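Below you will find one chain, with nothing else, as structure tokens; this is the form predicted alone, and questions on how it binds or moves follow later.
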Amino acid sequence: MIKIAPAELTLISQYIQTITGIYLDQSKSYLFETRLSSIAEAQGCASYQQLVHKSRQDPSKKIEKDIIDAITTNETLFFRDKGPFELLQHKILPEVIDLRSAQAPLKTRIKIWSAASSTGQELYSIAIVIKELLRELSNYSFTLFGTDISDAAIAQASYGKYNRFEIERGLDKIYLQKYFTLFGDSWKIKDEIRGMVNFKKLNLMQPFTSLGKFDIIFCRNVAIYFTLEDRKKLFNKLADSLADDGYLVIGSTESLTGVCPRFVAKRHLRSIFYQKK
């Protein structure tokens, strides 16, 4: 394993923050080594300074992609924390459906964005909630959109196949039988759910106004890795992308106090959500 020199820590930390938004301080040298050493070796680099230089000079961006895939934490599970999905089912979705149905009674159109969708479990959980709540979707037009910075995560999410460990983390057996098909030693999401969603690579540090406005945005457990300044920028951009009467759901340990005054926190039972002032 290539050891990181003290003089390289600031360089590699700043480079990773530039390409991902993730801020890792100098105490994370072990993480750089364990996750990036194999990439440096494969590229014939004797140091991380050489790796950063080679990545910046790589016109194909393959090295940068490999670094992003290695450094991002794709830690997720179906119905993670449960509370946000109960909030979605019993509070947010019914209210959004009522609002949009009144505006367009013939075809109710609703856009939902999982902004840090990782390997897809969050967005598929949202789709399952919708199916369970509405059953018949012919009178509705749902746009369920998932984004992540990692190509590897987006590839798995798009394919919708999960091993037993991934399935058993948070997924009720009833939902497993209804919405998944056994596929070798793994499980694959059924087409009726897979057809509801779309995934795309996106760096949240870059502009995303082209995505349009969303009625509901989930942005959970990603901004915790950003600096305060980058969190402010992100949530201001999310405010621009949220409908005026839309709903924002963030992580249970996160708060927008001192981050984005454009949002006001609201409570429903044990869960917090945000709306624009």
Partner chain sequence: MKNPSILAVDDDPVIRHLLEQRLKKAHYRVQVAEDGYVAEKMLRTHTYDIVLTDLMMPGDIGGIEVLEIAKEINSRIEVILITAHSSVDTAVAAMKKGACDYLEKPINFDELFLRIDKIANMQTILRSAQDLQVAMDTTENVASSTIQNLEMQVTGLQNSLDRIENILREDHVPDDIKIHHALDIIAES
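Positions refer to the first chain, counted from 1. Quick caveat: nothing in here was measured; it's all calculated off a predicted structure.
Here the subject shifts to the form predicted together with its partner chain, a form of this protein not shown in this document.
- Within this chain, residue 275 is remote from the site of its partner chain in the predicted bound form, having no heavy atom within 4.5 Å.
- Of the heavy atoms in residue 252, some are within 4.5 Å of its partner chain in the predicted bound form.
- By the criterion of a heavy atom within 4.5 Å, residue 256 is counted among the residues contacting its partner chain in the predicted bound form.
- Shown alone here, residue 81 lies within 4.5 Å of its partner chain in the predicted bound form, counting heavy atoms only.
- Contact annotation: of the candidates 98, 192, 168, 151, the single residue with a non-hydrogen atom within 4.5 angstroms of its partner chain in the predicted bound form is 168.
- Residue-level contacts in the predicted bound form: of 164, 201, 178, 188, one residue has a heavy atom within 4.5 Å of its partner chain, and it is 164.
- Just one listed stretch, out of 180-188, 140-148, 127-135, 107-115, contacts its partner chain in the predicted bound form at the 4.5 Å heavy atom level, and that stretch is 180-188.
- Using a 4.5 Å cut-off on any heavy atom, the residues of 260-277 that reach its partner chain in the predicted bound form are, in sequence order, 264, 265, 266, 267, 270, 271, 272, 274.
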